[in-house]
Every structure is written in C-alpha cells, then in structure tokens.
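In structure tokens, the next block holds one chain alone, the form predicted on its own.
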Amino acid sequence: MPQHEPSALLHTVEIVHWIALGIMGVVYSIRVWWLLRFRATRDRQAPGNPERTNARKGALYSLANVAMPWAMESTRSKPFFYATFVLFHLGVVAGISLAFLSSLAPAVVASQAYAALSGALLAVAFVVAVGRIVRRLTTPYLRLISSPDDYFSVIMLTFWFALAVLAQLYLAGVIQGEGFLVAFLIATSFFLIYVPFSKISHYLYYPFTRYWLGRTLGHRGSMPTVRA
C-alpha cells in the first residue's frame, strides 16, 4: 500500500479542514436547537383508523420512505431516476469518508479494495452530477424553479466529485501529485462551511419534516397507505 508523507501545505490544509467541520457542527447545532424550540400541538381530531395504523407507525413509515422507492409514484414509475439518486448520495458518502480517512487512516484509503470501491462510487456520482446539470438546464420546469444556489451547488458538487476521484487515485498510488488531495480537501472545507447556509442542508430537516408528516397522517389513518 502506497504511503505518502504529508507536506507542510497538506498538513495545514488538513487542520483547516477540521476547523471547517467544527464550524459546520456549531451552525447545525444552533439550527437543531432552534427547531426543537417549536413544539407541535396534538392533533385535535379523533384517530382515523386505530385498528390499522397510528401516529407512531405513520412516523416510522414516513422516515423510512426514502429507502422505499415503491412507496412514491415519482420513484415507482422512474426506477432509473431513483437509482441515480442512490448512486449520487453514495458518492457523497464516499467523498466525505475519503476526506476524513485520508488523514485519520491513510493506509485504509490506499488499500486496493477501498480505492476500487471508493473510486467507482465517486466516478459514477460524477457522471450522475453531470447529468443533473444537463437535466436542470434543459428541462423547462426545472429551469423555472431553479435558483442560483441550485446551479452553484450542483456545479460545485460535480467539481468536487472530480477532485475526489483524482485524490483517491493519488492516495492509491495510481497517479502522482499531492496537489489533487490538497485541492480536494480545500473544496471539502469550503463545502463544510457553505452547506449549512445553502439549500443542500435540506437533509438536516428531513427527519423533522418526515416525522411530523408521518405522525399526523398516521394519526388520521392515511399512512402507511393502503393499496388495492
């Protein structure tokens, strides 16, 4: 397994990277604290179908909805789109893991097995990201609802995936050039600070919105849904 001695520049960038993570953690902690200040009132209507479902079942079903493509028409009728959604987010996980493991466990990211899996996920995510840019630019209704932040975020993520692929190849000893890893960590640090203030932070609200939606619809007897 190739081992790379970090230069002074790389070491400095790694420190900045961890500081950026700390800033992200502080911002998210404040946001979660603010969200938890609001208490939802009890549903005033009687339970809709207590023999079949309730608030707890509805909340659990709603939280798990993202992993059930058959539960929504938009993903049930477009399995390829759902597959790209999964691959895109697996690429994000691979990129984040690479960013932190590159300094915490360099031997792991340099191993053949890890490099192959991580590199494949990042490369596929890059292709999906390019497709998302094209789709956003060519689909009329997406152009209509897209904000500058949408375009900036997807373009930066695409650039980030490309840097991650190159950083992984460098760490695995396939190519030379510490600059790829340095650029990747700088881009990651930027995202750690930018994401909490952008629309990408939607994932922070996912458990809250899905929980309360499922809780309410479960109480009313309409979640989980009944299919003929």
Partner chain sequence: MSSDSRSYKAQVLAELLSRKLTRPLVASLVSCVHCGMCHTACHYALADPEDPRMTPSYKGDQLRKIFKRNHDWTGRVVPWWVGAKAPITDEDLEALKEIAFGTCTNCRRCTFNCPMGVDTASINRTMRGLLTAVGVMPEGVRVVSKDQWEIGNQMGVLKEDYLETLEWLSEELVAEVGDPAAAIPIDKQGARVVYAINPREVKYDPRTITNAALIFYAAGEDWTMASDWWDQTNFGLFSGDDQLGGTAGRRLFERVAELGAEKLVISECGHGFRSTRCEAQNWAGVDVPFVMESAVVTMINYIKEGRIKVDRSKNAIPVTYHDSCNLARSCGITEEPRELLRLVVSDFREMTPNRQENFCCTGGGGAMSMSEYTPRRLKSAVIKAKQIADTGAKIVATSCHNCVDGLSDLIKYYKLGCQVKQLVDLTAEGLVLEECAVRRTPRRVVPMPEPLPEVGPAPARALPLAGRTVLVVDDEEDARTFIATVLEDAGARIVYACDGDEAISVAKRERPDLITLDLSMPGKDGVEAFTELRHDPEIASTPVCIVTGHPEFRKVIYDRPVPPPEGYMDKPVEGEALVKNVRRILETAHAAA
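We call the rigid core the largest set of C-alpha positions that still match within 1.5 Å between the two forms. All of these numbers come straight from a predicted model, not from anything done at the bench. Numbering follows the first chain given and starts at 1.
In what follows, reference is made to the form predicted in complex with its partner chain, a form of this protein that is not presented.
- For a residue to qualify, one of its non-hydrogen atoms must sit within 4.5 Å of its partner chain in the predicted bound form; all three of Leu35, Lys78 and Leu144 qualify.
- Of the stretches 123-131, 108-116, 148-156, 92-100, only 148-156 has residues with a heavy atom within 4.5 Å of its partner chain in the predicted bound form.
- Remark: Asn49 counts among the residues lining its partner chain in the predicted bound form, judged by a heavy atom distance of 4.5 Å or less.
- Of the heavy atoms in Asn65, some are within 4.5 Å of its partner chain in the predicted bound form.
- Proximity of Leu217 to its partner chain in the predicted bound form: non-hydrogen atoms within 4.5 Å are present.
- Of the heavy atoms in Ala83, none are within 4.5 Å of its partner chain in the predicted bound form.
- Contacts with its partner chain in the predicted bound form, taken as any heavy atom within 4.5 Å, map within 112-140 to Arg135, Arg136, Pro140.
- For Arg42, a C-alpha deviation of 2 angstroms or more is recorded between the shown form and the other one after rigid-core alignment.
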